[in-house]
Each structure stands twice: as structure tokens, then as C-alpha cells.
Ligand SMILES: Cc1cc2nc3c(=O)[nH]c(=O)nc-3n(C[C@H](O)[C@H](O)[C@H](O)COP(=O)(O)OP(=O)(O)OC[C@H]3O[C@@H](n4cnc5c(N)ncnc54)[C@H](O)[C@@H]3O)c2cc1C
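Quick setup: one chain, the form predicted alone, written in C-alpha cells, and binding and motion questions come after.
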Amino acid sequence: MSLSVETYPTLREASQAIGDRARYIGGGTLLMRAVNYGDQSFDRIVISREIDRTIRNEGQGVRIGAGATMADVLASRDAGFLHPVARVIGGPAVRNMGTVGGNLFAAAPFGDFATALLALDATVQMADGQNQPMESFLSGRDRARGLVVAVTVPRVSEREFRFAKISRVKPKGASMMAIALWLRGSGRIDEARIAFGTMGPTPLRAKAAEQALRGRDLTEPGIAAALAVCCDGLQPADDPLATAWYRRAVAPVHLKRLLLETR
């Protein structure tokens, strides 16, 4: 496979250069793997000299530059609630290179950080200036063709946000399943957002379970209805890590553990 490499001064110019046969390279953990395995779907690599690795409080949320690595997230106090997610992505080499923007494009069984951002109702800022909710980004055309500049995440407490990665090889193996929760309310749950990773082609919300949790207590009887419907709308597949049947069977078990986790 013959590859050409093009370098542009800004992210906007790099975004305009991306087409059907071109891929943008950030940290390279995904793209270079594709190159090494002889992926024939592209023959141009696009690079930008403009790289945004900043992480800062902005308005009511935390803005994370798409070029920020998992190591950058772990070094940021502002993104402290996301440390449990960044900590379980790969080993040190991957965390030093893998970027937040790149993780949004990671196919199952990867994309753990994107799962957390979906549960947290993050907003994606594109190079063309448009903003869109994480859920529409993951399901839309821009995920395949656009260039992400940053994501903005609401500031949440560690009590409100919960994350679990279930893998066969620990601590850095690929996910058999990932679950992220954002629970709001004092005593009873006023609002819940639940996202599953590796339960579809992209991270997906368990909306039936979210609805079933509203107004409930975090007790075994209180969460029973949510557990019964937690796989509704999800699309697990068979792969070398697990079968779709197994994923559906264990999803309620792992969700229950996460919901009842003592905080």
C-alpha cells in the first residue's frame, strides 16, 4: 500500500483535506495499527500542526482539547472525575499517545472514553465550528468524516459519575463491556444517564433503564425494573471476547454492581 502524508497549519484546513481516501492522525494508536495491518480503505494521512491538548474549566463544564492524551486527562485536576476512565485505557504507552479525539472514533471493543462522554452528555466541537451532542455525533456521518477540535463535559462530582470496564485481560485488555452512569438526585434518583460500550457498533444509551430508574432508590428492589430492561435497544455482537448472548446475560449483573457500589 502506497501512502502519502499531508501536513496543514490548522485543524480547519486539515479537516477540509479529509475525504473518502484520507485519514487524520492524532496520537496514531488507531491509525498506525490500521497501517500495520494493511488497511486498504485509505491512501492519504492528514496531519495538523495545530494541536489542542488543553483541559480547562469553561462555563458550566470542562473543555478538553481533542489532542489531549489520556495521560493529560490523568494529570488534570479539572478532569478528576474522568480519571477512573482514562486510567484503564491501555498501558502507559497507549495513555501517553492515545487522544480524547481519537477515542471517539474507536470501534468496539475500544472506545471506553467515548462511552463515558456519552453518559455525561458531552458536546462535540467540530473543526468547522459546529457543535453537536455526543449521542448524535456517534450515530452520524461526522463521526466518519469530520475532525473534532474539542469536547465539553458538564462538571460532575465523583458521587454522581460511575464507570466500570469489564475485560478478560486486566488491567489493560480490550473491553468485553464498559458501563458509564451519571446519576442525579439526593436519596432518590431524579435523572439517570446510562451508556454501554461494546454493546453495539458505537457506545449506546440504555434509555429504557434510565426511565425505569427515575424516582427510584438505589436499592435492590429500586433498581430491579431497570436491570430487567437494561439491554433494550442495545446491539451486542459476537466477537473473540464474548458472544452477544453472553453480553446480554451479564450486562444486568455488572450494572447492578455499579449501581449499588458504595460511595
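Note that the structure is predicted; figures quoted are calculated from it, not measured. Start at 1 and count along the sequence shown; that's the residue number.
FYI, the form predicted in complex with this ligand isn't displayed, but the following is about it.
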Checklist entry - Among 201-209, 65-73, 232-240, 216-224, which stretch sits within 4.5 Å of this ligand in the predicted bound form, heavy atoms only? => result 65-73
Item to check | The unique member of His254, Arg23, Arg12, Arg248 whose heavy atoms fall within 4.5 Å of this ligand in the predicted bound form | outcome: Arg23
Next on the checklist: Within 4.5 Å, heavy atoms only, which of Ile189, Val148, Leu138, Leu82 is in contact with this ligand in the predicted bound form?
Outcome noted: Val148
Item to check | Contact flag, Lys165 vs this ligand in the predicted bound form, heavy atom cut 4.5 Å | outcome: yes
Checklist entry - Are any of the heavy atoms in Met134 no more than 4.5 Å from a heavy atom of this ligand in the predicted bound form? => result no
Item to check | this ligand contact at Arg33 in the predicted bound form, heavy atom, 4.5 Å | outcome: yes
Checklist entry - Is there a non-hydrogen atom of Gly28 within 4.5 angstroms of a non-hydrogen atom of this ligand in the predicted bound form? => result yes
Next on the checklist: At 4.5 Å, heavy atom to heavy atom, what parts of 77-99 sit next to this ligand in the predicted bound form? List them in sequence order, or say none.
Outcome noted: Val88, Ile89, Gly90, Val94, Met97, Gly98, Thr99
